[in-house]
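Before any questions on how it binds or moves, here is one chain, the form predicted on its own, in structure tokens.
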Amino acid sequence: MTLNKRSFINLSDIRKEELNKILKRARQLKKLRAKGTVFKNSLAKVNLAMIFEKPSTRTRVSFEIAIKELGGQAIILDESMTHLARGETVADTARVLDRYCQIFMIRTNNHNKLLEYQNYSNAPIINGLSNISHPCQVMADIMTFEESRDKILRKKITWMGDLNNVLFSWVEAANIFDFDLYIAHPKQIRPSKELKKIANGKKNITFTQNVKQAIHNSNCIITDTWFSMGSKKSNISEQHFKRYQVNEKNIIGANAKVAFMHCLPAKRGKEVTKEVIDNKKISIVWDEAENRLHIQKAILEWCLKKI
């Protein structure tokens, strides 16, 4: 393993000034693409290995287009179709791919696999989603909020629903970017030990079952599917989540310019109603999805020390 390599595994691993550098570059790249400007081949001859253990639409498409538009190419591997599925170790796979590719993106059910790839390869590792965190998504979310509303500094952000991997990265972001995060969730759902650890003692992080408290004067409301991919929460009834649905009634009392975000895929009528997610005055979901492309480009460049 190269000790000074730049991996993108959790937001808390990276200094605020470096994350701001990534956000700034993503905005630049978005403007260049909108103008139809020919991209500088900053990642020419770079091979990106993408390993998928979980289904993907936005992560796969955004990373594949990102590396191609920066001059490199993607090698896409479904883990079930590799020798990993037949018992080859992550360590051996990492050592082999390291001879072919300059950077890895991993989407996995097991965060420890990311750390194994990190330990046994010289290439930087990007977390495309794990059971613990989803840092690329939250960077795209922050970019979207700031371009459509205002700087996220000291704003009130509200999370509604499950306590999952996306929320973990939002808690990390609140600690880094200094905003207030209110987390409204059913009492039957308990924070994981990882989530407790990063939220413990932070005055700007509030867990609550009181929806009105969480929504009051909120600048942004975020939700996700009630049951994440690979979740084994079948013993938790949907009835417990219904109070935390993002609907027109529940968002009364939010800031007049409140934004709504969802990382997708969404289930209308479950965690959010169509009246909210399809409301162009409130919902910035589609900009959020588009910005995955621009933030992935900036993350790739940052990991490979081009910015």
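Owing to the predicted nature of the structure, the values given are computational and were not obtained by experimental measurement. Just count from 1 along the sequence shown to find any residue number.
Not pictured, yet referred to below: the form predicted in complex with a small molecule.
At a distance threshold of 4.5 angstroms between non-hydrogen atoms, K156 is out of contact with the small molecule in the predicted bound form.
Of the heavy atoms in T57, some are within 4.5 Å of the small molecule in the predicted bound form. Taking the partner from elsewhere, L264 is found to have a heavy atom lying within 4.5 Å of the small molecule in the predicted bound form. Under a 4.5 angstroms non-hydrogen atom cutoff, the small molecule in the predicted bound form has R107 among its neighbouring residues. Contact with the small molecule in the predicted bound form, defined as a heavy atom within 4.5 Å, is made by all three of H134, Q137 and R292. Residues of just one listed stretch (247-255, 270-278, 58-66, 25-33) have heavy atoms within 4.5 Å of the small molecule in the predicted bound form: 58-66.
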